[in-house]
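Take a look at this single chain, the form predicted alone, given in structure tokens.
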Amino acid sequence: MSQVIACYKWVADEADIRINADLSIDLSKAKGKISDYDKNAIEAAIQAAAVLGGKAVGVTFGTSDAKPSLKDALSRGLDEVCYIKAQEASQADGAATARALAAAIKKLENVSLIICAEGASDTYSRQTAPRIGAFLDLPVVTSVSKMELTGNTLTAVRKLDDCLQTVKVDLPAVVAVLPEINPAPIPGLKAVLAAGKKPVHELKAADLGVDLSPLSTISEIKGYIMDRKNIIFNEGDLAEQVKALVAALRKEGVL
């Protein structure tokens, strides 16, 4: 049976993050959650598996703190989850994370498609999908806002800075999807209860047979203070003021 892989990450809920007066970051009260963008990737994998007549499998790399993610991911419609439990995940960068995920995916059979979010909601480094593709020697399509599966061919629409690009690729392949690929439904009570009966496969770092050492390390994390420009548009009539405001927003990249 064909398998569609959804890679996801357990991250700190940004709503619970506090920035101290010295700009240091306080994560002591931050609860965990599946990265918001990964929720869209999970739903995309479920839909793709339905088209291919296969099953959707979640793969995640994390410490013991990530265990609550398993039931949440399964409640969203995945058929099973592969959990790479390793303390190394606490210091992992994009290279180590992709190496761990690729090693776990290699152990799975009949993988037709690997779906990641374009980036995780904590770092948004956009490295995971391309690196997985490199480790597995598979074609990679990034910035995907729409995709369609026909037989063994994936047609994807890529959202670039100033245009849309349509590409076709033969499966198996790795795809990085944008949030607009599809909505991420909130699981109902029935789905949450059913999640506890679905299979979970746990792997240890030693089971992977790869080096999980990061290529980069974080020396310090600080918050930041944004200085507002406080521009006042008070010249001309109302229509001219609105026009000036819109022009300023376009210049800043907001519109």
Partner chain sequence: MSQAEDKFDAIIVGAGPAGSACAYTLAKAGKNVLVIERGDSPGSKNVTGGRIYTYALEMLEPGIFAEAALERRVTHEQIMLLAGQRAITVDFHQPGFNAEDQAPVSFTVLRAVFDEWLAGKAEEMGAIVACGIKVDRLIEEEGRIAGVVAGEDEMYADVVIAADGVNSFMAQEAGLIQDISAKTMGVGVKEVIELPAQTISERFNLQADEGAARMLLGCTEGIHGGGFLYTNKQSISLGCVFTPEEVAQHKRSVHEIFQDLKMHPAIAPLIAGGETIEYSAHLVSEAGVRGIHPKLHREGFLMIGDAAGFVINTGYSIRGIDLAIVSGIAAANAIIAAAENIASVGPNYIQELNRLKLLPAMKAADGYFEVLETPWIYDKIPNLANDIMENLFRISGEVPLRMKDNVLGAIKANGLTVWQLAKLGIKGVRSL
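Nothing here was measured: the structure is a model prediction, and the numbers come from that model. Positions refer to the first chain, counted from 1. Only the largest set of C-alpha atoms that superpose within 1.5 Å between the two forms is called the rigid core.
We do not show the form predicted together with the partner chain, though everything after this point is about it.
Asker: Residue-level question: is G54 within 4.5 Å of the partner chain in the predicted complex, judged on heavy atoms?
Answerer: Taking the distances in the predicted complex, the answer for G54 is no, it never comes within 4.5 Å of the partner chain.
Asker: Taking the partner chain as it sits in the predicted complex, is A206 in contact with it (heavy atom to heavy atom, 4.5 Å or less)?
Answerer: Residue-level check for A206: no, no contact with the partner chain.
Asker: In the predicted complex, is there a heavy atom of the partner chain that lies within 4.5 Å of any heavy atom of L193, even though the partner is absent here?
Answerer: Yes, L193 sits close enough to the partner chain in the predicted complex that at least one of its heavy atoms falls within 4.5 Å.
Asker: Under a 4.5 Å heavy atom criterion, is K71 part of the interface with the partner chain in the predicted complex?
Answerer: Yes, K71 is a contact residue.
Asker: Only one of 54-62, 198-206, 41-49, 185-193 gets a heavy atom within 4.5 Å of the partner chain in the predicted complex; which is it?
Answerer: Looking at the other structure, the answer is 185-193.
Asker: Scan 6-44 and note down the residues that get a heavy atom within 4.5 Å of the partner chain in the predicted complex; none is a fine answer too.
Answerer: Residues within 4.5 Å: R18, K29, K31.
Asker: Is there a C-alpha shift of 2 Å or more at A206 between the shown form and the other one once the rigid core is superposed?
Answerer: A206: C-alpha displaced by less than 2 Å between the shown form and the other one.
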